[in-house]
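Next up: a single chain in C-alpha cells, the form predicted alone.
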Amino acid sequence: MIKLIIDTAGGDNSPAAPVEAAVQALKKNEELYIIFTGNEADIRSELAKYDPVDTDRYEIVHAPDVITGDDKPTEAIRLKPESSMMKGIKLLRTGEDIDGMVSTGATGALVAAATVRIGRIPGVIRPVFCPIIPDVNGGVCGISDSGANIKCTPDQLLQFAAMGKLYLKAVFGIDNPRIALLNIGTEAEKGDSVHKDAYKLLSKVYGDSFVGNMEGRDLLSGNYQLIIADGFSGNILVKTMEGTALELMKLLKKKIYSKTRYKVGAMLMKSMFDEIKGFMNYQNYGGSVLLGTEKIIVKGHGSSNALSIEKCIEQALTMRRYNLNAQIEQEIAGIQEYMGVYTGEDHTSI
C-alpha cells in the first residue's frame, strides 16, 4: 500500500479538483490509499458527486483553515496549525507509513514547512524544486531549481543535478539525461565564480552527460533534458516560458478572428492548433516535485485542474515505487568526495 496525503485547500479549484483527481487515481491504482486534509463537509460533498468510493481506501482529516498566497510562509507555519497544509505536513512527519503529499497550496509555505518539519535526506544540503516542461521534439526537460533556493553554492548546484537526474530516470525513464547549467553564455568561462566552479564540478562528476552552459533562449530546443539553476534564475526562466506561451496563444487567437480568410485557414488547421495548445498547456505535465526531503512532496500549480492534480498523484506514486529517496541518498553519498573542492566549504556535517 502507498499512502498519500491530498491537500484539498489552497488552490484555485479547491476542493473540487483535488477530490476529483484523488477519486480517479484510486480507480486506477489498487495499492493507493488517500488521506484528505481540508474542510470535511466540503470534501464529503465533493465525494458524493462520484460513484461510491471504498471507504477502506481513504480517510478525511478535518482542517478548517487555509494558507493563502498572501500569508508569509514562516508566519503561516506558526499561526495556522489547523490549515489543510500544516495538518498534512504534521501527518507526513509523524506517520511512518505515509509516503508523500500532493498540494496546490502556497509554494513558500509548503517549501518552508517541508524543509523544517519533514527534514532532508541524509547528505542533502537543500531540497530543490524540479518542474517539467516540454521541448519542441516531443520530449521533456527538468528545471532544477525553480524557486526553492534563491542563492546557491557550487556544491548545491551539483546536488541539484544529482537529484534531478534520478528523478528523470524514475518518472520519465530517461537514463542518462543531457545536463546543462543555466548561464549568460555557453562558454565555460561565462558567469560569476559560483557558476564557473559549478561548471567544473558538473564536468568532473558527470563527464559527457554534462553538455555545458545553456542560454535561456535554448530552453525548448530539445538539446537539453535537465537544466541546473539557482532558484531565482530558474523561477524566472520557467515563468517567462509559461507567460510567453500564453501570450502567443492569445495573440494567435486575436489574429485568427481579425479576418475572415484567417478564420477559414484556422478551421482547416484546427487539429494542428489543438496539438500546439496541448503542447503549451502546463496542466498536461503534472507538478513540481520537491526533491531532497525525507518524504515525497509534489506541488501542483495553483490553478491546476483535476487532470493536472491526477498527474501529480501519479508522479508521487512512481517516485515511491522507484524508491527514489533511497536512490538520492546513495547518489549524494557517491559525489560527496567532490564537494567543497572549489568552494573550500565542508558540507559533510550539514
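For clarity, every value in this text was computed on a predicted model and none was experimentally measured. Heads up: residue numbers just count along the shown sequence, starting at 1.
Below, we refer to the form predicted in complex with another copy of the chain, which is not included among the displayed structures.
S.K.: If the cut-off is 4.5 angstroms on heavy atoms, which of these, Asp208, Asp175, Glu247, Asp97, is the one near another copy of the chain in the model of the complex?
M.R.: Checking each option against another copy of the chain in the model of the complex, the one that comes within 4.5 Å is Glu247.
S.K.: Let me know the one among Gly139, Gly265, Pro81, Gly278 whose heavy atoms come within 4.5 Å of another copy of the chain in the model of the complex, would you?
M.R.: Filtering the options by heavy-atom distance leaves Gly265.
S.K.: Does another copy of the chain get within 4.5 angstroms of any non-hydrogen atom of Asp155 in the model of the complex?
M.R.: Contact check for Asp155: no, nothing within 4.5 Å of another copy of the chain in the model of the complex.
S.K.: I'd like to check something about Asp197: if you look in the model of the complex, is any of its heavy atoms closer than or equal to 4.5 Å to a heavy atom of another copy of the chain?
M.R.: Asp197: no contact with another copy of the chain in the model of the complex.
S.K.: Evaluate Leu91 for contact with another copy of the chain in the model of the complex, applying a 4.5 angstroms cut-off between non-hydrogen atoms, and reply yes or no.
M.R.: Looking in the model of the complex, residue contacts with another copy of the chain do not include Leu91, since no heavy atom lies within 4.5 Å.
S.K.: I'd like to know if Ile118 sits close to another copy of the chain in the model of the complex, meaning any non-hydrogen atom pair within 4.5 angstroms.
M.R.: Answer no; every heavy atom of Ile118 is more than 4.5 Å from another copy of the chain in the model of the complex.
S.K.: Taking 4.5 angstroms as the heavy atom distance cut-off, pick the stretch from 197-205, 97-105, 162-170, 218-226 that is near another copy of the chain in the model of the complex.
M.R.: Answer to the contact question: 218-226.
S.K.: For the stretch 232-253, return the residues whose heavy atoms include at least one within 4.5 Å of another copy of the chain in the model of the complex, in the order they occur.
M.R.: Phe232, Ser233, Asn235, Ile236, Leu237, Lys239, Thr240, Met241, Glu242, Gly243, Thr244, Ala245, Glu247, Leu248, Leu251, Leu252 sit within 4.5 Å of the partner.
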